[in-house]
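The chain below stands alone and is given as structure tokens, in the form predicted alone.
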């Protein structure tokens, strides 16, 4: 039996295990681990020289451990900061001072971008701000389906926004690329697609009075001043800037420790009387929120290790890369989100990495291409089987309509984002001035 045929059989075994466990367990994360275990065992049976399957599974747990730590630390910072009343105070202040519907929606979009941008997870944006945004959009006259689209779309944009874009980080790590130069390559398309979403969602909406909106928002936290609001944000921003522009003048802190430091600052700036038990509940709730994300990146590492050891990862990548270039350009905006829906962040390893290597052999600017792929993959967070961000957005707005109808309503802004990303992939040299 040829090596290709053997690898194809292992791929089929892995897919069967993944599909059956997804149907039975309803969890893409556990399903990926089950598929990895089955693949590793089948690989060792087929090729005994691979050694113990436990080795690959244990190694895989440590592949993305740093990213899991980053998720946890960043989410702790965001939740302590939100608990202090800073975000609700800012939202209330903006609504009380801004009377224009389009300006207010733009500010809501920017606020939605922030939690995901600094944690790498769009679901955090929904957890932290989804409820407030839903209240404001309701009183701006936006219907339920479009409110869900707004929250979902800005959540996936926040996951793609710098400084922390997990898809880009995973592809850079796999291709041995530095994680630099992505800020404007990601921000400009996000701003364009976000503006289209705002116009699409807000068109025809008739706002209620400002007083009606304020009546539904949480009251301003007593003692919350602007310096308490700004200081934690300034600290994390300063640590980012110093790490980039003065790396030799301070110890290597790492992103998780930076967020821990900022979380301590946010804790000290909290004007509420908060007990140790209260903070314990915040940490407990944070771990409950972030656990699916941590499980996701760790299960991706396990699956990645098993696929690499058995040659399945290479087979998948080489098969897609073997298509004519024009088909790759046409299909990437379809295949990328579908694979994101199945493997979540694992699409960066299964599909993103091989594409980066291929375009690099063509002499194309892979920094631009990596950023473009990082704009395409998040759209799959609304697709089954995972539907992580789409499901959370529907739960936040209590949307009970057809999920297919919701996806159709989100198609226009996602199409704009996809077209921009494909243009970046086709003509990457045109965009190299952005970094």
Partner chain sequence: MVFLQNLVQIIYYVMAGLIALSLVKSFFKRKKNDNWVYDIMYAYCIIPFLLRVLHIK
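Positions refer to the first chain, counted from 1. Small disclaimer: the values here were computed from a predicted structure and weren't measured.
Absent from the display: the form predicted in complex with the partner chain. The rest refers to it.
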Contact segment among 104-112, 202-210, 290-298, 184-192, judged by heavy atoms lying within 4.5 Å of the partner chain in the predicted complex: 290-298
In the predicted complex, residue 29 touching the partner chain (heavy atom, 4.5 Å): yes
4.5 Å heavy atom contact, residue 33 to the partner chain in the predicted complex: yes
Residue 396, heavy atom within 4.5 angstroms of the partner chain in the predicted complex: no
Contact flag, residue 278 vs the partner chain in the predicted complex, heavy atom cut 4.5 Å: no
The partner chain: the contacting residue among 41, 47, 69, 392 in the predicted complex [heavy atom, 4.5 Å]: 69
Heavy atom within 4.5 Å of the partner chain in the predicted complex - the one residue of 253, 214, 331, 338 that qualifies: 253
Heavy atom of each of 65, 260 and 284 within 4.5 Å of the partner chain in the predicted complex: yes
Pairwise C-alpha change, residue 132 versus residue 76, in the predicted complex against this form - closer or farther, 3 angstroms or more: closer
Relative Cα spacing, residue 73 and residue 130, in the predicted complex - shift of 3 Å or more: closer
